[in-house]
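Below, in structure tokens: the form predicted alone, a single chain.
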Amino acid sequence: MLTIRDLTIHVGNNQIVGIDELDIERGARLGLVGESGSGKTMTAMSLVGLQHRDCRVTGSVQFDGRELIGCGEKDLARIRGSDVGMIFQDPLRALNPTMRVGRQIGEAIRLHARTSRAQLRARVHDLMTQVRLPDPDRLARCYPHQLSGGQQQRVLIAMAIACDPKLLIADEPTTALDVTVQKEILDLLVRLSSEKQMAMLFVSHDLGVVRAVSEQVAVLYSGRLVEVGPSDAVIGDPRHRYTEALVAANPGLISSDETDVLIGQPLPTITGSVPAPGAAPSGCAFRNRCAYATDACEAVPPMKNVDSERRFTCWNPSVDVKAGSHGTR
């Protein structure tokens, strides 16, 4: 349904994102993962023309056979909200503080469909019920600041699914929420995706969250895809050293067999930070932070296929992470 080919994003002379190939099938859920500064949000926003005006986007993004790169603003505006829904990570910034939430949800509907006032009220009530907001008639009359963080995020989700989109882009929608509310929102997104056969691009820096939501995962580093495949396979047995390091640094992904060994030991971290635009080293962009880098890493690693669903780019990939053995293939 969504086909990305040779997508590049430049700011000035610096390339921020370069994705050769990435697909999302109808009804599928894909997680886009990486540290802050990896280009996740930039990639997601560029798909529907929401990138910063200083960005230059080239390549091909086809949605249901329609080319979106180079599409006019009016055409993109018709696609956003109707065919593609958006959920942003900070609901208080995304919601209008001067409008009642029911009116904001209704506005998302009115932009793309003609409807009577009675039909609009019924649809808003139905949407608030779908996202499991209690007492929807009362909450519809509230302003955003009168709702909890979880309720605000549910309002954003209701707005995003108001026109039954085919694709939902969720940009770190649970970052500001506590763990209990986070789980409720994640369960809600998975349920809505399954019930509506709605594809989802889920952007996050947390592999554990992505594993709970997404069937497929794409790992992004310095604007480049380093590993793509089924979530359980990639997270359970990573091939790229960056993916391996992300998994090791996430205590929620440590297996019960490893817990006893790691008690009392410092949590593994990734030294350094994602390079600034234009400052990435030649070859593998991760090599300056990688403990397994060799001279070969000074050249750009090719994309290697593990099987028909999984691929990665690494000169010195992990062989058997679960067993604790590492080496080259």
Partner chain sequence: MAARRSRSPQLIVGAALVALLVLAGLLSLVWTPYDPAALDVTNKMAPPWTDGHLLGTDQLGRDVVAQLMAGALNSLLVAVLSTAGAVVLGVALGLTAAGGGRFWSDTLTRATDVAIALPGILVALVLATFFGPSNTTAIVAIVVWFVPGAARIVIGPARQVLAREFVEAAMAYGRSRSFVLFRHVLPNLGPLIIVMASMMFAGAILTEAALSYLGLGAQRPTPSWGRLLFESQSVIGQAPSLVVFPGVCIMLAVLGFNLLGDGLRSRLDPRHAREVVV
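Positions refer to the first chain, counted from 1. Nothing here was measured: the structure is a model prediction, and the numbers come from that model.
Unshown form predicted in complex with the partner chain; subsequent notes refer to it.
Can residue 48 be called a contact residue for the partner chain in the predicted complex at 4.5 Å between heavy atoms? No, residue 48 sits far enough from the partner chain in the predicted complex that none of its heavy atoms falls within 4.5 Å.
Quick one: is residue 295 in contact with the partner chain in the predicted complex, heavy atoms, 4.5 Å cut-off? Outside the cut-off, so no.
In the predicted complex, does residue 27 come within 4.5 Å of the partner chain, counting heavy atoms only? No.
Residue-level contact is defined here as any heavy atom of the residue lying within 4.5 Å of the partner chain in the predicted complex; does residue 42 satisfy this criterion? Although the partner chain is absent here, residue 42 would touch it in the predicted complex, with heavy atoms inside 4.5 Å.
What residues in 49-73 sit within 4.5 Å of the partner chain in the predicted complex, counting heavy atoms only? Heavy-atom contacts within 4.5 Å come from 52, 53, 54.
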